[in-house]
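First, one chain by itself: the form predicted on its own, in structure tokens.
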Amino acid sequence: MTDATDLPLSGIRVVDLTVVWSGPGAAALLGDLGAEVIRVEGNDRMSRQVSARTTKESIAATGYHGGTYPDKDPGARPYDRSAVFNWHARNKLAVSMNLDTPEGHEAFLDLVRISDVLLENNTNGVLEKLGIGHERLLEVNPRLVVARMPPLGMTGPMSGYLGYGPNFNSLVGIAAMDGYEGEEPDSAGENYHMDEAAPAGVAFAVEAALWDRENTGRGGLVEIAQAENVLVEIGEYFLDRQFNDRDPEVLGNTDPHALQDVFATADADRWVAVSVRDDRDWAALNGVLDDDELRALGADAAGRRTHSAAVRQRIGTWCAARPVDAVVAELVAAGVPVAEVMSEPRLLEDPHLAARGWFRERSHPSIGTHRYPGHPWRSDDFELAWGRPVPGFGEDNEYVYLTLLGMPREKYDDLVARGLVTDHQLV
């Protein structure tokens, strides 16, 4: 077991001013590496995207989102029980601090003075309106690394655009490829890829800035335009448009290079993904299916591309006649890349994930005991941090105000008495 003080970012303190998914996800990755991540949350804001007034009755008609609370019950502290927040809340602390008040502003700058990183992904201009833009923060603490995540950059004609990941995915073009084969791009629902892609890139940028600080002694601004981060992943499609005047096809579950698709099995609503990357995979697949017509259609890579639809139809017919476990077992034994398309309940039952100890059981007074998704990567050299699963709102107020900031007890008690510091969200 790795001691918490031996992790790569042990001793690094991160102030987390992030919202929704991409920013909190980046902060979680830094916490995994041992950083002390402190979420600063105003009790007069919904920093977790959940209202304190949410009730079991109010979520009854919300469909999918109603299931994001344990037992579909938001309870007395819904902002502590939302899976949308809790999945990226591991290893974090939480302090109640209203930045739009003189008292909160002062305490926040005191925290900045003793921190190493500030991470935020709010709308452009929010920090400036609060008087805590990066120029001010670096004036207070020249060694601070300020990582800001404006979707379209901090300057320029589009820098003021407002929206969430799906909006900017559409703007940069990635949503134009997101749909089922032969259908319109919006046929597969919303695409949140910008939020999925940003955390790892931002965490890497912060680590690089901290490394640079070791050599220069100075922090500085790290600007990560999230839309640009997504553009990097689809650059070949832009080049194809510029040089060949071609728009990308809507491929659904297929692939422009490998023979790939998702197929229904004999089990109700259980599917498998099958890939054929090369001639070796193709020979292995034919050894299982033993279909002469299929073998002739895809005798080489060119044939598999030309006859892709017919080939996939025959594979689909074979899969549809067998239970999902049989399909997976036969193809895995032959060395064909295959996996079941997992629902949430199936993931919890998956023996492969269980064998790797991916799910971690954790308890918290506001939520109870549940299994939580594990880290997205692991190291042979050390074990990533796994603290409590979620910080309850204001759970670490006394630690931050009294221990870290050294605030006199009477001053802290006054803030509590006036409702400026609470252990619960007000809105």
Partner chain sequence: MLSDIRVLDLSRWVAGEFATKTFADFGADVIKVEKPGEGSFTRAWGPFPEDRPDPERSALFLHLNTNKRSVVLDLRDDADREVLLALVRRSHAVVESFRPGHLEDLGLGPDVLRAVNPGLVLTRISAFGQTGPYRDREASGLVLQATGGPMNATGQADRAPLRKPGLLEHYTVGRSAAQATMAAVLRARRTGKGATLDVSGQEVLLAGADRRASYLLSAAYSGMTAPRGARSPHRHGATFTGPFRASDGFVMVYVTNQVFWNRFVELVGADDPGFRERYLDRQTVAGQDREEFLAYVADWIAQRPKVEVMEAAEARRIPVTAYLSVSEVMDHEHFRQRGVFVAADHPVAGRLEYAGAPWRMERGFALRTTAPLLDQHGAEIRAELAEEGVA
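Bear in mind that the values here come from a model prediction, so they are computed numbers and not experimental data. Residue numbers count along the first chain shown, from 1. Only the largest set of C-alpha atoms that superpose within 1.5 Å between the two forms is called the rigid core.
Absent from the display: the form predicted in complex with the partner chain. The rest refers to it.
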Indicate whether the partner chain has at least one heavy atom within 4.5 Å of a heavy atom of Ala355 in the predicted bound form.
-> yes
Ala302 near the partner chain in the predicted bound form, any heavy atom under 4.5 Å?
-> no
Give a yes/no on whether Arg81 approaches the partner chain to within 4.5 Å in the predicted bound form, heavy atoms considered.
-> yes
Is there any non-hydrogen atom of Thr54 lying within 4.5 Å of the partner chain in the predicted bound form?
-> no
Here the chain appears without its partner; judged in the predicted bound form, the stretch of 95-103, 342-350, 109-117, 291-299 with heavy atoms within 4.5 Å of the partner chain is 342-350
Would you kindly say which of Asp267, Glu128, Asp279, Asp247 lies with a heavy atom within 4.5 Å of the partner chain in the predicted bound form?
-> Asp247
In this chain shown alone, the residue from Arg241, Arg314, Arg322, Arg136 with a heavy atom within 4.5 Å of the partner chain in the predicted bound form is Arg241
Contact set, 370-390 vs the partner chain in the predicted bound form - heavy atom within 4.5 angstroms | His370, Arg371, Tyr372, Pro373, Gly374, His375, Pro376, Trp377, Arg378, Ser379, Asp380, Asp381, Phe382
Examine Phe238 after superposing the rigid core and state whether its CA is displaced by 2 Å or more between the shown form and the other one.
-> yes
With both forms fit on the core, is the shift of the CA atom of Ser187 between the shown form and the other one 2 Å or larger?
-> yes
